[in-house]
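Next comes just one chain, in structure tokens: the form predicted on its own.
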Amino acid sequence: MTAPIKPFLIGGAWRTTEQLQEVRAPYTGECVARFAVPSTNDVEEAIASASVAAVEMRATPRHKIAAGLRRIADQIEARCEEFARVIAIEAGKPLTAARGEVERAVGTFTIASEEARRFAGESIPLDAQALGEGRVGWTERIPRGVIFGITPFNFPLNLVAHKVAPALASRNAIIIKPSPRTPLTALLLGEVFLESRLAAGALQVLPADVSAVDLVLRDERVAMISFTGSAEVGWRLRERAGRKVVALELGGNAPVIIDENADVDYAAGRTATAAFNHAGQVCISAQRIIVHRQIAERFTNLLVERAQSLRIGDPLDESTELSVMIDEAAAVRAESWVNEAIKGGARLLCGGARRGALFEATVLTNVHGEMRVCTEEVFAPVATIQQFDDFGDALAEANNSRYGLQAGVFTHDLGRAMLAFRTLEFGGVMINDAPAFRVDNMPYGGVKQSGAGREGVRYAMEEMTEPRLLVIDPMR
């Protein structure tokens, strides 16, 4: 049976081209669909359509924007199982986790609908200085216009939602370039958008090749680029962007510290989930575990037990907890890094084996800061364990990274919790939880090589708009 051809979305209409690319299910290797790749002319037309839509969106009343976003949320919820199966098939994400992603996307659009009604500027107390006496002033948040969003494979719905929902809520138009590995989910979202009654070109979905990015970088009609992906690509993109605003949500190698007074059973359970969920292909996956020497043996045994108990299999099987990585090349890379660490003196406690694109949940100890499993983003179901005696040393080790997205700290000592918050060089610090914790309305983003700007609906809306000041002297 020939795999179906999926068109792309421009200006409210579906288009196709002769250039097709396959989408292969990571678990079976089967070609599940082919998608049309937009041409250079298509990309230019999409930018022109988005420019027209941006003007219409800016003039659209807040209540209509909110209603449109509410319709999108409702339609995603109504088609939850369809979305979840598409995510499971094209991303290899276990079905139960895929459903969780769909539920979060519903929440993301719901939050955006609510924020659309109240997102505004602020009153400025000009009479705080004598010079401003008698004058009134306020700011309004002005949409940037056309935004170009680039999204990765690991959350093919909710990471798209984190660009689309705030862009629309702040009355912009957005063009989404989804990962070529997982374009089907974004195209399905395009179907839902067409029922929103918002400006037809306000969302366009273009699974274009990298040449489209070069075109976008040159086109002055595109005001902002919002990128989620690798640090290497993201920072290079920003260097080339000129005057465009660029928001970057990049990678990490997140640490989690377990203090000697922590609830060890709870910490081990949350850390295992954060380390091995979606085969570790999460930028805030718990990669570097730093545990107090007094509880290290007990914690390690619990973590290994949980890693070994994960049910491995088909992502469409309801019982599966760990499935394949996005492709065999990703699993081969993880395997090579683990083997490299073992040759360098690391001890393998469990896992380490690969079968095609499947890589077992892996725990390493006796690691050090020169190993790539510690210094780089593994992006695989691999966790390393280091021990500490002094809490200050643990904080220093956590900071010993060029990344700074999120960190987790398990402790019942409030003083140490606050010390961690003030000391750790990360965009977010989770106390008594693993670094993978995220709620979709919280500010989310990193420091150092982990990015610039913040996501989380309202925070992204601020990035996607600029303040404009009005001052009035009513007595003149």
Ligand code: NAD
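On a predicted model such as this, the values are computed, not experimentally measured, just so you know. So that there is no doubt, residue numbering starts at 1 and follows the sequence shown.
Not pictured, yet referred to below: the form predicted together with ligand NAD.
Using a 4.5 angstroms threshold between heavy atoms, residue 444 counts as touching ligand NAD in the model of the complex. Contact between residue 233 and ligand NAD in the model of the complex is found at the 4.5 Å heavy atom cutoff. Residue contact with ligand NAD in the model of the complex: residue 251 places a heavy atom within 4.5 Å of it. Ligand NAD is not shown here, but in the model of the complex it comes within 4.5 Å of a heavy atom of residue 151. Residue-level contacts in the model of the complex: of 277, 158, 196, 228, one residue has a heavy atom within 4.5 Å of ligand NAD, and it is 228. With the partner removed from view, the residue among 119, 388, 379, 299 that has a non-hydrogen atom within 4.5 Å of ligand NAD in the model of the complex turns out to be 379. Comment: 220-228 is the region of 286-294, 344-352, 135-143, 220-228 lying near ligand NAD in the model of the complex, near meaning a non-hydrogen atom within 4.5 Å. By the 4.5 Å heavy atom rule, the three marked residues 54, 108 and 205 all fail to count as contacting ligand NAD in the model of the complex. Heavy atoms closer than or equal to 4.5 Å to ligand NAD in the model of the complex belong, across 157-189, to the residues 159, 177, 178, 179, 180, ordered by sequence position.
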